[in-house]
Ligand code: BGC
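As a starting point, one isolated chain is supplied in structure tokens, in the form predicted on its own.
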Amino acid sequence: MNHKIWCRRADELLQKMTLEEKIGMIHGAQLFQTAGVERLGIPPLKMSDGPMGVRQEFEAASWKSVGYSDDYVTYLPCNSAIASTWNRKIAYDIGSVLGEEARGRGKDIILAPGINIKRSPLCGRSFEYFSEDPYLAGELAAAYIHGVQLWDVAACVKHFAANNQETERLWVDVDIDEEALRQIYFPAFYDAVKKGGVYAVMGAYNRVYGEHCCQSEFLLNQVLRKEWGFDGVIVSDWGGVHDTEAAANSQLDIEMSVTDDFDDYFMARPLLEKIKSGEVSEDTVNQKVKRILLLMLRLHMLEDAETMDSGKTGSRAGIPAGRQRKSGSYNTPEHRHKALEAARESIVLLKNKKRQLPLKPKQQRRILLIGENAQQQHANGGGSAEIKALYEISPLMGLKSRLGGNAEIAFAQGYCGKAENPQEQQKTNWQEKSLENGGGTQQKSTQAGTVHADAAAQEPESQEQESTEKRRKLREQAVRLATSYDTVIFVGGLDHTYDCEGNDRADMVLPYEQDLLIQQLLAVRSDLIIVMLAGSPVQMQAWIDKADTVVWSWYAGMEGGNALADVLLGKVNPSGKLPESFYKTHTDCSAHAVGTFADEKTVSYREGCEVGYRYLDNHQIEPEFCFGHGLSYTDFAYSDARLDFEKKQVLCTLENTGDYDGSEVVQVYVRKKGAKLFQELKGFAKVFVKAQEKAEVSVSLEEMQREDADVAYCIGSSSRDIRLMIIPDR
């Protein structure tokens, strides 16, 4: 449909609407829905979280689950897992599953993907985001968005911008150099707009340069609208608006919040009164409503059997006809298969020093799994990313189902965590109180690790001692059992008490005394296989040098346990690569080593562009595992590097010299003499190569220029495993 025709039809609808009807379209009339205009055939906009699947249904005006059985969905791997695949097609496929399921559930906007840069490993929502690197995040986000919007659903990319912590998230003011903002924190959003063609953007809770992001003149008008030409809909985060006039005069289109006083939202009755008094122009509302109508036209929400162009009119005169809107579907076998494929590719083999993996299935007679995460399910936690999953395969179930009855697979708990997320322990839904105390807190350190601040305050000393004693007994039992089995696998890490909206961790230390358990297990089983399951990096210093085999799995969705079993047993050759640096300790991260809180509500990004590997490389700080790292069961050799300036490509030959078919992520970093940063990722390609075969690899670089002086193109398997370097002749 021609955009001019859309605009004309939107204008005609707008002229027929009363001021009250317009106001109803720009703020929440339910917790996840705006008001429509029934007499004109304009439906409400229906929204839903989130990035790991379409969230359960809530009552219209309360955070109480409807409780029916029709909102179970496909539980998808978290965005960190998707980023770990370094696979644009996987990102597209997962986006497509999410978009189709959102339509199947009757949604118009899905509040995903989250693409904020991982500035700190302690951020409670890191598992919802892609990467510390803006190029990697932008490439995957654009593919993901195309997948979502294939299904007549708007992706709503979030949270714009510099939303990198949960502590005081409603009020924290980000003090940042504009160069860093534009080079690190903006590019993924720019790619979402320009490459992804995203239909909606969500503003962030925090402030930038003193302005709340959801009503910021600089972010929403100067950057998003004018510089980037974004003509889609801008939605506030739930409770992110703080002033009626500022919001009305900004480029924000829809205000949403967590409370049920819908008529009292800033862009509801208060705005209506200000327009009637002449304090705010009605034209500001007209612009917002027109953008909403254009979104509805893009999504084929406003359709009629007869076109206006033919001169005919119907019950919805002036509304364009077109193809029927896609209906979507959810919980299909295809969706579950896509979730499994993504989970398989997301798993990262961190260490395999003695080639203990893959295990040989026929030789596995007695296996012991130790650790609560071996049987824990994670779908229903984490904040707004929580999912009502159709099912979730745990690592314990995955191994048992893959090996069958000829192998004895035992389980020992080993440690005990919190039985419930602290948010879930509240009598009311956590989201009802999510705007209190600045919107978020930092967890407290305890002897057993960091815990939710509220939980730490509520837990009496006697209860903590009881938990410590219980862990001691579980630990002793696990260590005793470990000597009696052929293969021992520890499955630990984090849970959604730690990876959780509204809470940042105090440090990277493993909770629940897991370090002590791992050390004691390694003392009796040097061949211990360690699996870490988490959404954020953890500190490994206490045991990493003694561990020969370490596997990393994220919250990998409903098929996560099957995917892990497939990797451990060699059915799948691991190909995941870290999309972020794994620090030895959080103080090695620039956000904590350099960045500071000027006061309790102002955070200074003094590290500038030195985020993640950029900081580590510039200051020669050794990470535990570097950005881009990930091993395979086979080996790859790189050769014959060359440049094609006309096609803007870096090329090389990749040879699989091992015995397993496998995929490798060929990464291209650019080093420029005199630049502030040692090197930056500028391109990557994931390539499958059969054992003992070769493949020609081409990696596109957007910024490749023949006349660039003093540039080196570095080709490698990770940021610290550079295999080839090309310095062009001058």
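Since we're looking at a predicted model, the values are computed, not measured. A residue's number is simply how far along the shown sequence it sits, counting from 1.
The same protein also has a form predicted together with the ligand, omitted here; what follows describes it.
The ligand is not shown here, and in the predicted complex it never comes within 4.5 Å of any heavy atom of R505. For the chain shown alone, R169 is a contact residue for the ligand in the predicted complex, at least one non-hydrogen atom being within 4.5 angstroms. Using a 4.5 angstroms limit between non-hydrogen atoms, Q431 touches the ligand in the predicted complex. In the predicted complex, the ligand sits within 4.5 Å of a heavy atom of F32.
Residue heavy atoms within 4.5 Å of the ligand in the predicted complex occur in exactly one stretch of 294-302, 471-479, 67-75, 199-207, and that stretch is 199-207. Within 4.5 Å of the ligand in the predicted complex, a heavy atom is found for not a single one of E392, H496 and Y555. Checked against the ligand in the predicted complex, the residues L111, L140, L98, V567 give one hit for a heavy atom within 4.5 Å, which is L111. Contact with the ligand in the predicted complex, defined as a heavy atom within 4.5 Å, holds for exactly one of Y512, W151, Y330, W238, namely W238. Residue E501 is the only member of 493-515 with a non-hydrogen atom no more than 4.5 angstroms from the ligand in the predicted complex.
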